[in-house]
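Presented as structure tokens, the chain that follows is alone, the form predicted on its own.
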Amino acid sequence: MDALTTAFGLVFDPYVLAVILGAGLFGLFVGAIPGLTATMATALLVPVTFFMPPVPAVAAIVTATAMAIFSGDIPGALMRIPGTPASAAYADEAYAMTRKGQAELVLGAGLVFSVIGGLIGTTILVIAAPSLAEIALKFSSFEYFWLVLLGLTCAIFISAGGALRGFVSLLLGLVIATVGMENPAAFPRFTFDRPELTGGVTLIPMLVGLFAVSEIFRFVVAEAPPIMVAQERFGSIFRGQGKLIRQYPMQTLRGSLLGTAVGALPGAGADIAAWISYAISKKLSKTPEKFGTGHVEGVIESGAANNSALSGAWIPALVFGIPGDSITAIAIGVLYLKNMNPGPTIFLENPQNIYAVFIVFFLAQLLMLPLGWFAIKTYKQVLKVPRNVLMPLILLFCMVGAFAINNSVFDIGVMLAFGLLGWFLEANRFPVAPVILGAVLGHMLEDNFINSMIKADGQWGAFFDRPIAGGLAAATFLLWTAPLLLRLWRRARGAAA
């Protein structure tokens, strides 16, 4: 109770509340600009968090990403151009409703059910994270090795570009993780005699490059489509939302639970949660023929899923230090910078800070209602910002942020190199998220493997002896063999038929 009381004091400090409000407005602005993603909003906030205490630093990231995920619905509904990838799943449906004169209904549904999904996901985070932390305290290097391997495997199989492209991206990330002397033997690898690389590739310039600078390169080489707004005037967005809540309670709950579960999978994130939830909504709907014609049911379920996925992604990030998506990969870097090292002991060493983060999650979701209403009412001004003015300012901000980490011009070069790499990968439909996961988790995978081999005196059987390790190993091997087993089963079924 003392820690909880302290946490309320930390959050409801005027400075922290001002940071939350500013980050919320920033997230709404970035999410509403097509092409500027929630991940980019997070990456751009990192340099600002250098000068903040731990709680406002994390609060800024949590609030900005929640707002950005929602505000991506606005251009999707009004222009058929989703502001963020998470809004792409139901952009056609929302735009069809706008063409039918239902812009108020679809924008209000996107806002209200995003808040409901976020609150449900946050409740699950608060309940599940401390319980999982108690189990994680029993983990040794054997369990962590299989857990990391399982997380990397999940990232491959759920990658947007397909398993093969996801595997290539993951290998690239693992190669990046081998750079430097941070390995069990402390032997310099792939440093090319550059002293700046002896400590490995700096995480923050790499993240900013892959997610922010790559968008700038994409803007430079591609002509932006003209902005055509389908409807410029509409009434109250909250009218009729109570009826939708009573009409679709199961869809709301199902989307929220599915979003949280998918978000907790390493490499998944809100966009995959939204696509899966929309597909399930159509599959289980009593009126599937209405989907695609401007039907609100799919928007409700996937809107709840994409915001609840944000909370779900923080479960493995806080408990195991394994990012659930690219946003939490950036957040983990901030946690380390603020000496809030993620892992099960964070609930023992910094309970007041973790409770403060939980409170911020709830506060950010509730703040979304007034700020979301404000964003919808002022969307025309946000969408009129010229991108040829916005992008150079973003690049300048990225360069300042990359330099500020180590006061090194070399980090600016790292940022630009990874920006070019991110643009090349996405131009060829290779997912970027597995690169980040490989780079973040590569050290953990290697360290736990070497430590386990030393403990076991080189005996491979020790990796399967402990119950939890054996269960995680079985799950990993099942994922590896699932495509082959499924193919054999279909072949046998076809032969029998």
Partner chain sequence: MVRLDDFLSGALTIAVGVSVAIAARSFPEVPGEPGPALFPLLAAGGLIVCGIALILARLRTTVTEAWIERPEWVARPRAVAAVVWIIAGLGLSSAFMESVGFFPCAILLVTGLLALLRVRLWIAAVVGVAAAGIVHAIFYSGLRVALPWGLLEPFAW
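Here the rigid core means the biggest group of C-alpha atoms that line up within 1.5 Å when the two forms are laid on top of each other. Residue numbers count along the first chain shown, from 1. Quantities reported herein were computed from a predicted structural model and do not represent experimental measurements.
The protein also exists as the form predicted together with its partner chain; that form is not presented, and the subsequent description refers to it.
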### Query
Between the options Phe238, Phe374, Phe410, Phe362, which residue brings a heavy atom to within 4.5 Å of its partner chain in the model of the complex?
Phe410
### Query
Considering Val126, Leu366, Leu284, Val175, which brings a non-hydrogen atom within 4.5 Å of its partner chain in the model of the complex?
Val175
### Message
For the three residues Phe8, Phe347 and Tyr355, which mark the spot I'm curious about, does each lie within 4.5 Å of its partner chain in the model of the complex through at least one heavy atom?
### Response
no
### Task
Considering its partner chain in the model of the complex, find the one stretch among 211 to 219, 295 to 303, 69 to 77, 255 to 263 with heavy atoms no farther than 4.5 Å from it.
211 to 219
### Query
Might Met250 be said to contact its partner chain in the model of the complex, defining contact as any heavy atom within 4.5 Å?
no
### Query
Does at least one non-hydrogen atom of Pro370 fall within 4.5 angstroms of its partner chain in the model of the complex?
no
### Query
Any of the heavy atoms of Ile61 lying within 4.5 Å of its partner chain in the model of the complex?
no
### Task
Please run the contact check for Met415 against its partner chain in the model of the complex: heavy atoms, 4.5 angstroms, yes or no?
yes
### Task
Enumerate the residues of 435 to 468 that have a non-hydrogen atom within 4.5 Å of its partner chain in the model of the complex, in sequence order, or give none.
Leu445, Glu446, Phe449, Ile450, Met453, Ile454
### Message
If the two forms are fitted on the core, does Glu426 show a Cα displacement reaching 2 angstroms between this form and the one not shown?
### Response
yes
### Query
Is Lys290 among the residues whose Cα moves by 2 Å or more between this form and the one not shown after superposition of the rigid core?
no
### Task
Taking the rigid core as the superposition reference, indicate whether the CA of Trp460 shifts 2 angstroms or more between this form and the one not shown.
yes
#### Entry: in the model of the complex, whether the C-alpha atoms of Gly438 and Ala89 sit closer or farther than here (change of 3 Å or more)
closer
### Task
Indicate closer or farther: the Cα atoms of Ile394 and Ala60, in the model of the complex, relative to the displayed form, with a change of 3 Å or more.
farther
